[in-house]
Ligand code: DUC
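In the form predicted on its own, a lone chain appears below as structure tokens.
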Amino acid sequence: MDLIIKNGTIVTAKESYIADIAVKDGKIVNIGINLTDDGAKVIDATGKLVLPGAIDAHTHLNMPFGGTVSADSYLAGTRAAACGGVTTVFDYPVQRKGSGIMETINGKKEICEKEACVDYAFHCCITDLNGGAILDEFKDAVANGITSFKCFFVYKKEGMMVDDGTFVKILLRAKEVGAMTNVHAENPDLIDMNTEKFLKEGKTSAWYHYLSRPEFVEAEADKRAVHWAKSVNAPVYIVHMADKEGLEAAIAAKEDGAEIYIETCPQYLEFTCDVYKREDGRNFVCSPPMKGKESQDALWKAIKTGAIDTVATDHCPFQSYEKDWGKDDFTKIPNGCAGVENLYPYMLSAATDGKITYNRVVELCSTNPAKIFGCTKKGSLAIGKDADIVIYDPTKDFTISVKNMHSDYDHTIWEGKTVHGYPVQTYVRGKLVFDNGNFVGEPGYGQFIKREPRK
């Protein structure tokens, strides 16, 4: 035995109980009462919760966007992940015209092999079918463990948007080869129309970022994504759901038997569109933007009822001087905010405060993403699973500041937020990578997760 974590309260998606966990060669090999140490390192977790590591299924590390590159490299982003109890991150490499899927993935994989501090997987953003060659490559990509592809309904000018016909082709081909289609749903034509109008009127503050893409602009695209998925009987995963109307349409489709999965993010659960009226409103600019209180309430309701499947971050931070490019023109603000280190602490704090259960947090942040995306060795504390383990102290208050985060960005939208309860240790495949405020892992330790295709 290499490690035994004793006397903690083990939390799964379904139950909580006091027991010991034994780890050998990076795997959980036993769970029981009064396990003998057999020379293993013993950690006493009395009074603490023992959780499966979180899976952040939505990050953008080292991503070129908005005239710059997101502030966190694969090293910085995965280091921050470890320090927030996230033991697996999914990144979104973007396939461009003339490039193949595996060509795109392998370029990122080479970097991660040197830099990743936690385990990692990839969704591939499809922006051009290359005359149909990309669809032909789906089967090979799935065989190589890339079992999800993303479509953008926006970013037309950036060459990333797919039209409805292309989206349906991707839905059908993904279904055929056992893959999932993810979608960023907003209406680009309405955004362009609103943006042009506001700029002509001299309305250029961050508030007009929200007004250029308000609830109904996202809702139309949510409904369109759901419509096409239902029409061709293919699964779809809607990323960063932020609006009530679209959420309700997706939930109704689920209730009708459609295979629809819904992700939301902590920023939509914590902030409303009022942040864009602040002097530093540009720092909160992301797409889709935070919405009104009615949408926020609907998201929390769906969290509590089980209608939302996952919570991820859309982690894509930029430096403050880059955000300042749009101080007088919201269209020049790089879109994205930090979150990977805050995901688990924020959601677990909601449980500590009695808003939801710890079991529900585990389901949203670990078990469900593992199931949806074919991470068969992840997502729960069970014999045979990877020993991705977080020890969490529900009595430890923690105030978030850029000064105590572990990323490379120079500001955070979470500055000053106090969470109740905080991770004290994180293990990735049995290796301690975070210990009481300090990163103790190493770049290159993270492994690529070859995921299983959908049945």
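We number the residues from 1 along the sequence you see. Because the structure is predicted, anything quoted here is derived from the model rather than measured.
If you look for the form predicted together with the named molecule, you will not find it shown, but the lines that follow are about it.
- Think of it this way: in the predicted complex, the named molecule has a heavy atom of just one of D243, D91, E341, D314 within 4.5 Å, and the residue is D314.
- Note on the partner interface in the predicted complex: the residue among V217, C286, L75, V162 having a heavy atom within 4.5 angstroms of the named molecule is C286.
- When contacts are judged by a 4.5 Å heavy atom cut-off, H60 counts as touching the named molecule in the predicted complex.
- For F398, no non-hydrogen atom is located within 4.5 Å of the named molecule in the predicted complex, even though that partner is not displayed.
- Mapping the unseen interface onto this chain, G326 falls outside it, with no heavy atom inside 4.5 Å of the named molecule in the predicted complex.
- Although the partner is absent here, G281 lies well away from the named molecule in the predicted complex, with no heavy atom inside 4.5 Å.
- Listed stretches are 254-262, 367-375, 352-360, 330-338; the contact stretch with the named molecule in the predicted complex is 330-338, by a heavy atom cutoff of 4.5 Å.
- With respect to the named molecule in the predicted complex, the three residues Y346, W414 and Y422 uniformly fall beyond 4.5 angstroms at the level of their nearest heavy atom.
- Of all the residues from 172-201, the single one having a non-hydrogen atom no more than 4.5 Å from the named molecule in the predicted complex is H184.
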